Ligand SMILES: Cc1cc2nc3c(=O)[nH]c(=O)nc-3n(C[C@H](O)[C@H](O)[C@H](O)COP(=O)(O)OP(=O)(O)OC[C@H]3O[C@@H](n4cnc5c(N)ncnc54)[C@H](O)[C@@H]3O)c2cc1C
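A single chain, nothing else alongside it, follows as structure tokens in the form predicted alone.
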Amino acid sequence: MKKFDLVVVGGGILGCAVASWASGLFEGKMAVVEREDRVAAHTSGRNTGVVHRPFYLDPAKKRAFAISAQASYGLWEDWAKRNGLPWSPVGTLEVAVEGEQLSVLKNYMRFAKENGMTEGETELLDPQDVAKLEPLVRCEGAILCRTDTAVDFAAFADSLMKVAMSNGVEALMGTRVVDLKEREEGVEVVLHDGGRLMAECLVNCAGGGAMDLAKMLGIARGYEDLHFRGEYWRVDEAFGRKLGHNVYSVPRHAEFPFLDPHFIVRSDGSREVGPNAVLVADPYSYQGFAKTALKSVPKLLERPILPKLRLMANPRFLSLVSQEWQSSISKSAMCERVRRFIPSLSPSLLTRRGIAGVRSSVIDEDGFVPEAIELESPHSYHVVNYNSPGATGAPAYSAYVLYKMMSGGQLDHMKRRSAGTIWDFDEVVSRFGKR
């Protein structure tokens, strides 16, 4: 059985960031285990592609995400410049479609300041200001965030993985974990081909599969995950070029993971609208209706079942699930949702289906959990519910995870390395101690 000092499960952007930091901080035998033949094959490469500024994140409820997003912006900008990666600060309009949402925008302006954004980054606009900036947009008011930036997160993840590999990390691609067993000397990792690894320490960054891995070790009791597919449509190029900013609308159902579709400017210059949030059976259900809907039933019956029963008894939740499925089946339904703030958009301008990704949201007895969850066993550390803006905050959040593991003694068996890291580790983790 092959033995490693550290095994990272998951080659998404968080796993690649953990591996790049760890291999710069420590000597030892390390590996990244990734089920696909490339990094960022799932959520990390199937999202809006926006480095989000934390103006919309309540620092009291989403502290870790807010700090991570604020701390990571400069790290990503520096990394993009150093590696010639796409970095396009197109900016975002967050619009209030209804008058009662204007109070949310005022709260967002307060969040921006509390989260450390500079005064010039955000501006509160009235409808006339919005019309001058984006003539096709209709709303009651908006926040302009000038520094939201379009990027290619898959390219970012790939570049971090290359750093890790240059530091000696072994990339076990196309390798699926089917079981984990806690042993006295570490975690035994059982692979799909019958192979086995021994990890003195394991970090679970498996994204949509992270909850299943945690439960293999008997932790994460009381939690369950639900998976929501987000679909996009490509916008006609001539029409899309008439808008220069991302356009988001204030969420109408903040307690659920149902975000109204956005208008997105991609790093390659293309425009898309999306995503919806279609309940599906697993983190890899990127297409289909009837089969996917049937497969969702067993998922809803998995234990713990009480949190899901509460959701199923919520008429509002069920109504939203139905609406999201309708927007998956019907291009017109998707278009109608975007027409709330871009009324000149028509179904004929949605030329083809774009990317689709899956967001895995964790629920407990109180409903949907707003923050990432960190769980531990004697030889493992698990990050579950790591959702948007997870890709944005990955450089800082991954450093914070390793810092907490170091503080807890889980990495004491590894010798510190003098070669250094691509960013200043101590400076990054210090950002989490300022509040």
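Nothing here was measured: the structure is a model prediction, and the numbers come from that model. Residue numbers run from 1 along the displayed sequence.
What follows is about the form predicted together with the named molecule, which we do not show.
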item: The named molecule in the predicted bound form: contacted by all of F55, Y108 and G141, heavy atom 4.5 Å; value: no
item: Position in contact with the named molecule when the complex is considered in the predicted bound form, options E376, E371, E27, E36, heavy atoms within 4.5 Å; value: E36
item: Proximity to the named molecule in the predicted bound form, single hit among Y223, F239, Y284, W79 (heavy atom within 4.5 Å); value: Y284
item: Per-stretch contact check against the named molecule in the predicted bound form, the hit in 341-349, 127-135, 195-203, 174-182 (non-hydrogen atom, 4.5 angstroms); value: 174-182
item: Interface membership of A399, the named molecule in the predicted bound form, 4.5 Å heavy atom rule; value: no
item: The named molecule contact in the predicted bound form: G209, any heavy atom under 4.5 Å; value: yes
item: Contact of Q410 with the named molecule in the predicted bound form (heavy atom, 4.5 Å); value: no
item: Non-hydrogen atom contact G357 with the named molecule in the predicted bound form at 4.5 angstroms; value: yes
item: The named molecule in the predicted bound form - contacting residues of 383-413, heavy atom within 4.5 Å; value: Y386, N387, S388, P389, G390, A391, T392
